[in-house]
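The data below hold one chain only, encoded as structure tokens and taken in the form predicted alone.
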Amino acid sequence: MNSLRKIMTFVVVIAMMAVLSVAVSAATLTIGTVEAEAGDSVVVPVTYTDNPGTNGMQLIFSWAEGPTLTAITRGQSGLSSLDFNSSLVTNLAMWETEQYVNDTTNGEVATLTFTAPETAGEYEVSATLDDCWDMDWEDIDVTIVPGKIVVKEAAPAATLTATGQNLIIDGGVNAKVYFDYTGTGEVTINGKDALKDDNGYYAVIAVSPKDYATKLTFTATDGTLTASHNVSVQDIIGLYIDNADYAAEQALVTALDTYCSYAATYFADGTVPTVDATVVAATPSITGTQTGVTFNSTSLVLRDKVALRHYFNVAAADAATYGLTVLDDTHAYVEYANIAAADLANVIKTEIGGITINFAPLAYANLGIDANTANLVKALYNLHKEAVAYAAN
């Protein structure tokens, strides 16, 4: 209680025995609502408005269990002419002056600094008016509007984890690896922007059949978190073959495994085990002529995706006229890349000037090539048949 007010009130009561004290018009004290993270230091403003003219005020603050009060300080505006004192022991804020004046300032009269609790929730902060008066020692009614500290649920720490892998066979031999990411950053995999679908972030690495046993590294990062996954196409094939849940895919991946393993031996030492298959594909046809251009030969390019190439004898200066890729001064070729396994028996039509070539990639097996190459193409034919059957289902 303000000691000066006590003395002055006594004098006034002696001098004016018949006068009753009547409260003047009301003011409003509003305690702010603020958000905080668990454990943060948070500042709650206390604002005084509708001030009719105040000579002194005493408040005692209270709050729900959880926050810890660390400071009561004067606000940046409001009751600026009155002396301010506070006590963390009693949670008291007090404004008073010996000057016989009314301060009519509205604004922020105080700030309360708390350490927010670790548990999310809403924690009310309020105050009790111990006393408030004007320069005539009349009481001022003050409506107190409580506020609160809203502690938000802590955001879970971001995670980045490899979650799965599968094969993309149609159009080539490809390993696909997924990553689950719970953060908000930009994810890259192996230095490129990650692709994303309903299963998460992913990247695809195309593999030549001969390299299907080579371990591939997929490294994902958001700039802070990093996760890596090492796997080979052979590893993924094994996951399909050993899992009854993939019964529908097992014939296809088994054919892929055979083709890739034969490609590995073929490109290592030129040998391929005998493959019992009769390749069914239309007989190639080459008709017509074109001055300055002569058909030379055809080959299959067995990279991650099968390609068909037709070679021609043609002057380099004329190659561009027919959309050909120059090999040297007198040779060029046309290539049909990325042929899906299911399409390998389809006839591809090529027109170079007056020359027309109709050629199904798998017909290459029936051109009298050596036995090892023929066996490799037969293994590819078996993969083609399984790809067609799988697509039909």
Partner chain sequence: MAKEIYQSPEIEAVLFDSEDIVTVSFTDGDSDALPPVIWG
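Only a predicted model underlies this, so the values are computations on that prediction, with no experimental measurement involved. Residue numbers count along the first chain shown, from 1.
The same protein also has a form predicted in complex with its partner chain, omitted here; what follows describes it.
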item: Candidate spot Ala38, Trp95 and Thr143, all three touching its partner chain in the predicted complex (heavy atom, 4.5 Å); value: no
item: Options 152 to 160, 278 to 286, 127 to 135, 104 to 112; stretch whose heavy atom lies within 4.5 Å of its partner chain in the predicted complex; value: 278 to 286
item: Heavy atom within 4.5 Å of its partner chain in the predicted complex - residue from Ala317, Leu88, Leu195, Ala120; value: Leu195
item: In the predicted complex, the residue from Thr294, Thr73, Thr214, Ser77 that sits within 4.5 Å of its partner chain by heavy atoms; value: Thr214
item: Its partner chain contact in the predicted complex: Gly164, any heavy atom under 4.5 Å; value: yes
item: Distance check, Leu239 to its partner chain in the predicted complex, heavy atom within 4.5 Å; value: yes
item: Exercise: Ile355 in contact with its partner chain in the predicted complex, heavy atom 4.5 Å; value: no
item: Any non-hydrogen atom of Leu225 within 4.5 angstroms of its partner chain in the predicted complex; value: no
item: In the predicted complex: members of 373 to 393 within 4.5 Å of its partner chain, any heavy atom; value: Thr373, Leu376, Val377, Tyr390
